[in-house]
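The chain that follows stands alone, in the form predicted alone, written as structure tokens.
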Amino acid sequence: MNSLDEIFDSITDSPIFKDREKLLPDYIPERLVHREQELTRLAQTLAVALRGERPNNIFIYGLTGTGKTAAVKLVTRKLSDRASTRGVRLYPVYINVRQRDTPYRVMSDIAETIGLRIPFTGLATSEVFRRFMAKAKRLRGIMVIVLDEIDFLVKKHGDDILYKLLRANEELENFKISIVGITNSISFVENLDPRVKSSLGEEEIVFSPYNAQQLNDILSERASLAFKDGVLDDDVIPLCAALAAREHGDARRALDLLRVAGEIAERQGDRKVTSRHVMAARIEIERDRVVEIVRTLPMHGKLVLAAVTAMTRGGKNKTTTGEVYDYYRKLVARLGIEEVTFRRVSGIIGELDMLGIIRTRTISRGRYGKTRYIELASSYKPIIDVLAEDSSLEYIARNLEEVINASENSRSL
């Protein structure tokens, strides 16, 4: 019997999990602990759709893992169920615009919700919008469009499509559109075009970070659904909650820690999940997150990240956009490829910041203008390992390691 057969034959009922899926990010529980107030306000705003009225547009913001997406999905799902029983024509559509990352794809998803067939490519976005409006004028009902991570779309492509959707109601008679925008960026709404801001921000709901006790309550409720009785040591849930509370109260992070800790215990053949498994899960999650993101970056994105890694000495220092650009140009020259502009490198830095690989902070220097300081937000070692996977970047990756090691050695002298 080979090793694969042994692995497959060894899979029986889990000694750890009762229902592992209850800990996955896409599971939406029937009850969201410590979000009753936000759920109530969201439901009250959208409920007018049940009498055929257009709900106010809603802008929802808060940090990652504060329950925004789960709350909106739970409310829209229940709203849709109730609309069906009342005979109300409701067209809910949820779009994560980081995944559907162009105005064309966003508009295609919206159009397909009312039965239009849109080709994968070949049309202008304006044509897709025209076809959508032509059909919407012949329909009756309420469409609730949820645009998750809306800041990603606007920063990358501008707010033109958002403006068109917000103004669409002026041309529609029996079909009305309500938009729910979700973002992790607290300041995003302030940077919108005033016309978009005034229309989108009819209602605003802020999801504040969870504290350690609230995270503890969330994990306890979800653990009762996911784990078999008695498999969690008493300190496991408090530890997961405390670690996640340090990272801005991220419930998603806390649930991932708990799930991966259980998976590690299961793989190791242990009968109980302990704090040792939680700490191992913390290392594994961080490495996997960074690896997945860096691996999907285009070439110039990898080179800009390599420059940030070098200039910050693996996260020990801060650097500036100008310093990163200078180092990036050296890397491009070494590879013999065409460089992108300073403006594009600045944009890539912003994208890396949104992805959580780096952190940026803009500081005003009075009459000398503004300076953006950049630091690495994750361990440099997974970054170097992923860069080294690309044969054309392997030399650069190893050189980075030498630069960082030399810096660390000089500090210890």
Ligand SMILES: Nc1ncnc2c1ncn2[C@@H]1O[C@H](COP(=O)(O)OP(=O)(O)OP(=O)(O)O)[C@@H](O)[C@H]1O
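The first residue of the shown sequence is 1; numbering continues from there. Quantities reported herein were computed from a predicted structural model and do not represent experimental measurements.
Beyond what is shown, the protein has a form predicted in complex with the ligand; the following relates to that form.
Engineer: Within 4.5 Å of the ligand in the predicted complex, heavy atoms considered, which of 109, 203, 263, 149?
Structural biologist: Answer to the contact question: 149.
Engineer: Applying a 4.5 Å heavy atom distance criterion, does residue 184 contact the ligand in the predicted complex?
Structural biologist: Output for residue 184 is yes: heavy atoms within 4.5 Å of the ligand.
Engineer: Hey, in the predicted complex, is residue 370 touching the ligand, heavy atoms inside 4.5 Å?
Structural biologist: No - in the predicted complex, heavy atoms of residue 370 and the ligand never come within 4.5 Å of each other.
Engineer: So in the predicted complex, does any heavy atom of residue 295 sit within 4.5 Å of the ligand?
Structural biologist: Residue-level check for residue 295: no, no contact with the ligand.
Engineer: Should residue 382 be counted as a contact of the ligand in the predicted complex, where contact means heavy atoms within 4.5 Å?
Structural biologist: Output for residue 382 is no: heavy atoms all beyond 4.5 Å of the ligand.
Engineer: Which single stretch, out of 76-84, 266-274, 135-143, 245-253, brings residue heavy atoms within 4.5 Å of the ligand in the predicted complex?
Structural biologist: Heavy-atom contact with the partner occurs in 245-253.
Engineer: Listed by sequence position, which residues of 27-45 have a non-hydrogen atom within 4.5 angstroms of the ligand in the predicted complex?
Structural biologist: Read in sequence order, the residues that approach the ligand (within 4.5 Å, in the predicted complex) are 27, 29, 31, 32, 33, 35.
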